[in-house]
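One chain comes next, on its own, written out as structure tokens in the form predicted on its own.
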Amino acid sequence: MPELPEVERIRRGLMEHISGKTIAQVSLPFPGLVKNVDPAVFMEKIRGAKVRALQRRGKYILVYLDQYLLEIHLRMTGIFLFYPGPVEAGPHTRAVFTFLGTETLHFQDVRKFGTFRLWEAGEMEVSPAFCLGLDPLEDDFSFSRFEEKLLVKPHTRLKSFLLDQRYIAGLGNIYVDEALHRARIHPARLLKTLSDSEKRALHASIVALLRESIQWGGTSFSDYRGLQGQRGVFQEHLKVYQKAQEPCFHCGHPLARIVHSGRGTYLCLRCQEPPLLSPGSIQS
């Protein structure tokens, strides 16, 4: 699933290509993409609307139109592709936006898990995008605010907390593993056991990691692409994710894969000292 850096790169691409443009028409080869209004109503309401602004909240893209807010979640395999002219819809195309002129924007989604929701101005607070925790790239992601969130559930395991969008928005498996490795903290640690220096190291590693990934175009292991179909290259700079048995960047010890809260998790068991783990939880 695209995480915060990939969604931010897509938002920036949309800003470059469709900001200020008017939607001439919309087609929905997969009407099930639209979740909160009738697909025919959706197409009618945004026909003729101008794209006023684009924002991101966590993993959500928010497209502000004249009278509506289009909320987009890419889920596992959703991507946008921009074309200077009409292009025939492919087998995985779920929506096509045609702008005044000849430009088109295709939403492709192999797994059909992506979602579009359309909100009127007075309904925006109902959107899931406005029910998220702190966004690591926003100004309010200060250390003090981060620490406040850590104190809410002191008996929670650290990785489970970081993946919970109610507390920190936008992080997924890749960037949680990488951030914890940079901070040298085991993912199964209880929040109440973190020292002040560990909290500060984790806060700093999250912010730095996400900014670096955005700079490198995000991480492309499978489906993620930019609006021109380009792959991100941050996977070439990852230090731990999907690198079990390779030497740790910090100490040279072989990296490990464990199963934590049902999620495959990559780490260094020397640099990230573990609490007691259940027998058999470590896998190569």
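Predicted model only: the values in this text are computed from it and were never measured. The first residue of the sequence shown is number 1, and the count goes up from there.
There is another form of the same protein, the form predicted in complex with the DNA; it is not shown, and what comes next is about it.
When you look in the predicted complex, the only residue of Leu100, Met76, Ala208, Met124 with a non-hydrogen atom within 4.5 Å of the DNA is Met76. None of Tyr60, Phe234, Tyr64, Phe42 but one reaches within 4.5 angstroms of the DNA in the predicted complex through a heavy atom, and that residue is Tyr60.
In the predicted complex, at least one heavy atom of His155 sits within 4.5 Å of a heavy atom of the DNA. Although the partner is absent from this view, Tyr68 stays clear of the DNA in the predicted complex, with no non-hydrogen atom inside 4.5 angstroms. A residue is said to contact a partner when one of its heavy atoms sits within 4.5 Å of a partner heavy atom; Val110 meets this definition for the DNA in the predicted complex. The closest heavy atom approach of Gly133 to the DNA in the predicted complex falls outside 4.5 Å. Comparing 209 to 217, 68 to 76, 100 to 108, 143 to 151 against the DNA in the predicted complex, the single stretch with non-hydrogen atoms within 4.5 angstroms of it is 68 to 76. In the predicted complex, the residues of 1 to 23 lying within 4.5 Å of the DNA by at least one heavy atom are, in order, Met1, Glu3.
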